[in-house]
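Next up: just one chain, as structure tokens, the form predicted alone.
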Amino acid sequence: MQVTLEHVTHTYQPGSPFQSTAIEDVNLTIREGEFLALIGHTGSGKSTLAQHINGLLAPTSGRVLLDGQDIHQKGYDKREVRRKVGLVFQYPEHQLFEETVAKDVAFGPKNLGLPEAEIAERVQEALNKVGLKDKDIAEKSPFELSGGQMRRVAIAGVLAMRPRILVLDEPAAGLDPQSREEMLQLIYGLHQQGATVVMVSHSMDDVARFATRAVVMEHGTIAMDGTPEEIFRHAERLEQMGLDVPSVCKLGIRLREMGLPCPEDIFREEQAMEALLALWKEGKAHGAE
């Protein structure tokens, strides 16, 4: 399953004095099995683009295709899009509203008209996937839980629809360090289980760790598209766009400025450790001479 955006432009309040174009002439194909990171400065169009992927926003011009079909074409069942493409907003816990966790997670499947037995099965399956396996949690009010747990409940509500593609807008925003890491590992685990993941992120370190592909947005257009290795080789260009590079990239740059033979494609911690170990061994060998 893949989503394709063809020449997609989205203008807010067209024809009014407040008209603004958030994305312009965007062409993008999201392929099955990818972990795609959408990155860019605030206002670059990331969230607007993300909301086109599941049809929440319709293009002002252009087309959004799901497996080759235009999802905004007359007669296309929008419920099919919501089944196949799940969207998790930033701070999704703010959208919880039911009196129990189980009812909140069941909201989507219930709207599909599924039998009660299947709804119950999906609720438990989704809660298990997000690490909320304690049966007592299902009957608690979601507002009794911690912030991290509430966000897991909100994500479980999306997973209960069993989407093939999962779109997340800054899923770790506002969480404490431990909850943040747990959330990112949860998303990575879902990807490992076969989900296609599209994640809007400001953290270049997270992109380096988890993404298989990165798309950089600037002024509503796609400025760069490639693997994290390819993207982070352009540190100066990213800085011009107001973006950072992973911490380990900065370390590599500093080592090269010092005249040390450090590879240019270091962007993960394990790669940095290997490079530092190689430098240490080389230094030790020269010392022995």
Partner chain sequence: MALNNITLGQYYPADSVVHRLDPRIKIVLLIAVIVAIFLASNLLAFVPIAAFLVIVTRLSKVPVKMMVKGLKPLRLILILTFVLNLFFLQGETPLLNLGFAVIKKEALTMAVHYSLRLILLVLFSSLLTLTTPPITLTDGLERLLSPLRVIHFPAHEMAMMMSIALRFIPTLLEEADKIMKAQTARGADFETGNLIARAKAMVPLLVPLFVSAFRRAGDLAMAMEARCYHGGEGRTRLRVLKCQKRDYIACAVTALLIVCVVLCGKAY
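None of the values given here were measured: they were computed from a predicted structure. Numbering follows the first chain given and starts at 1.
Just so you know, the form predicted together with its partner chain exists too; it's not on screen, but the next bit is about it.
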Assert contact residue (its partner chain, in the model of the complex, non-hydrogen atom within 4.5 Å, options 82, 191, 140, 164) equals 82
Taking its partner chain in the model of the complex as the reference, which of 184, 119, 96, 132 has a non-hydrogen atom within 4.5 Å? 96
Using a 4.5 Å heavy atom cut-off, state whether residue 111 contacts its partner chain in the model of the complex. yes
Just checking whether residue 87 would be counted as a contact of its partner chain in the model of the complex - the rule being heavy atoms within 4.5 angstroms. yes
Do residue 235 and its partner chain share at least one heavy atom pair within 4.5 Å in the model of the complex? no
I'd like to know whether residue 222 contacts its partner chain in the model of the complex, with contact meaning heavy atoms within 4.5 angstroms. no
Segment assignment from 213-221, 124-132, 67-75, 103-111: heavy atom within 4.5 Å of its partner chain in the model of the complex: 103-111
Contacts with its partner chain in the model of the complex, stretch 34-54 (heavy atom within 4.5 Å): 48, 51, 54
